[in-house]
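Presented below, as structure tokens, is a lone chain in the form predicted on its own.
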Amino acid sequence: MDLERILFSQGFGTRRQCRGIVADARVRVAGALCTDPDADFPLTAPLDFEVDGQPWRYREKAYLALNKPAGYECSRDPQHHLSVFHLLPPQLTTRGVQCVGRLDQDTTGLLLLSDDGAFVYAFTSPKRKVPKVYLATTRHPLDEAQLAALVEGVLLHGESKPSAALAAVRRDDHLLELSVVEGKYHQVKRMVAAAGNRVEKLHRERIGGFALPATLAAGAWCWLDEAELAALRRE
């Protein structure tokens, strides 16, 4: 693939802008300066390049994990807070990454993003029943009756069928680990309320078999490699 198209595919601007970036001697490929936008590079092996000194690796599709902090909306057109896309390099938003599902603005933790439509669908479709694990800090102490109700199923306001958790574990008196497969609006908060308690803080810890890396700081993001993508698909 020629260098102009490589930069374009990675979100560095329009085709014309990418051609200008190369012609202006702002690109190095494998450490070597390249000023020919038509220079061809094989994509059979990892291709590393730099634009204005910023290192980048060619990726056909983008798969990301973000440790979402509170106070950010999972929208490109936020209403009351900053968008989570403010936490990403502009190249990623330019190439069209989108949130794989959403977290409320006050909910923290694991958020996936991708520009792969099939991947987004696979992890948001109700048919897939991908388990998601949340940590909920509750206002009132947890008791066995609440845990049992969450697993047996609680009826949410406006719903005709009960919603049940895969598992409900009390980590301490006010910390609930809840595993769910549905993705209804405010589901965890509504389920806990229906069981007789209230969520004060909510954090998503895991999707499928992939847990939020302990080393990923709030507001930081990372690429997902093949092993991590495989872990996501493990339930």
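What you see is a predicted model, and the numbers here were worked out from it, not measured in a lab. A residue's number is simply how far along the shown sequence it sits, counting from 1.
Form predicted in complex with uracil: not shown, discussed below.
Taking a 4.5 Å heavy atom cutoff to uracil in the predicted bound form, the contact residue among A136, V97, L112, L103 is L103. This chain is displayed alone, yet in the predicted bound form one of R198, H186, R171, K201 has a heavy atom within 4.5 Å of uracil; that residue is H186. This chain is displayed without uracil, yet in the predicted bound form the stretch 187 to 195 from 49 to 57, 162 to 170, 187 to 195, 27 to 35 comes within 4.5 Å of it by heavy atoms. Contact residues in stretch 45 to 68 (any heavy atom within 4.5 Å of uracil, taken in the predicted bound form) are absent; none meets the cut-off.
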